[in-house]
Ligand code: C5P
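A lone chain, given as structure tokens: the form predicted on its own.
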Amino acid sequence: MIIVIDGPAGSGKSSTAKAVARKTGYDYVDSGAIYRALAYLYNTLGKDQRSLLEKLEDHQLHFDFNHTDVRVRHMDTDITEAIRSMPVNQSVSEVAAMPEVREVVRKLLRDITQGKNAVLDGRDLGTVVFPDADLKIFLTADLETRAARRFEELSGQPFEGSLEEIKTNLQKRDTLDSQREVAPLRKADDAMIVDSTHLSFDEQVARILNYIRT
């Protein structure tokens, strides 16, 4: 069974998908980690798109997906925390808009989940990568709520940005993700909407588990 959770940046897709995976015993696959790793590589290459595209097939990025998490390495360096940094946040939508990047990630995700029960989160999983998914969820929340949650998430990390900077970044990513020509962020026609603005974390997880059971 394939369960996909799409939605805008900061809507809580990753933490929700992890919780659903734990409760169902399914594998958790974080598609965003792949795009973030490529954005990290893009930054290290001086934001040179040609260099990134040339290295897509030999980027020396390694992903270790386990039951509820993922570790990412660039060659011999663990970059799991680095891919969540503000510089990567500021580049990931730009990188994800590149058609060549999206095709590489699409094929990788299909290969990773072949023959498995899996929960995945992303932007275009239900519309492009897994149009045949068994259950599609579109998880959303208003901008203020998403910014506050992201700020809280980053508060325990070496992060110097403000709540307003996070809000601006999310707003920019919303625009880039929804207006890009290739695989824009949108709800699949057969996806179930879960607006978590006024839901607790446990409530939004419970709602998705109920959709799985029914």
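Every value quoted in this text rests on a predicted model; they were computed, and no experiment measured them. A residue's number is simply how far along the shown sequence it sits, counting from 1.
There is another form of the same protein, the form predicted together with the named molecule; it is not shown, and what comes next is about it.
Peer 1: Of these, 111-119, 72-80, 136-144, 89-97, which stretch puts a heavy atom within 4.5 angstroms of the named molecule in the predicted bound form?
Peer 2: Correct option: 89-97.
Peer 1: If you check 151, 42, 35, 65 against the named molecule in the predicted bound form, which one has a heavy atom within 4.5 Å?
Peer 2: Going through each option in turn, the one that passes is 35.
Peer 1: I'd like to check something about residue 173: if you look in the predicted bound form, is any of its heavy atoms closer than or equal to 4.5 Å to a heavy atom of the named molecule?
Peer 2: Flag for residue 173 set to yes.
Peer 1: I'd like to know if residue 180 sits close to the named molecule in the predicted bound form, meaning any non-hydrogen atom pair within 4.5 angstroms.
Peer 2: Output for residue 180 is yes: heavy atoms within 4.5 Å of the named molecule.
Peer 1: Does anything in 13-31 come within 4.5 Å of the named molecule in the predicted bound form by heavy atoms, and if so which residues, in order?
Peer 2: Stretch hits, in order: 13, 31.
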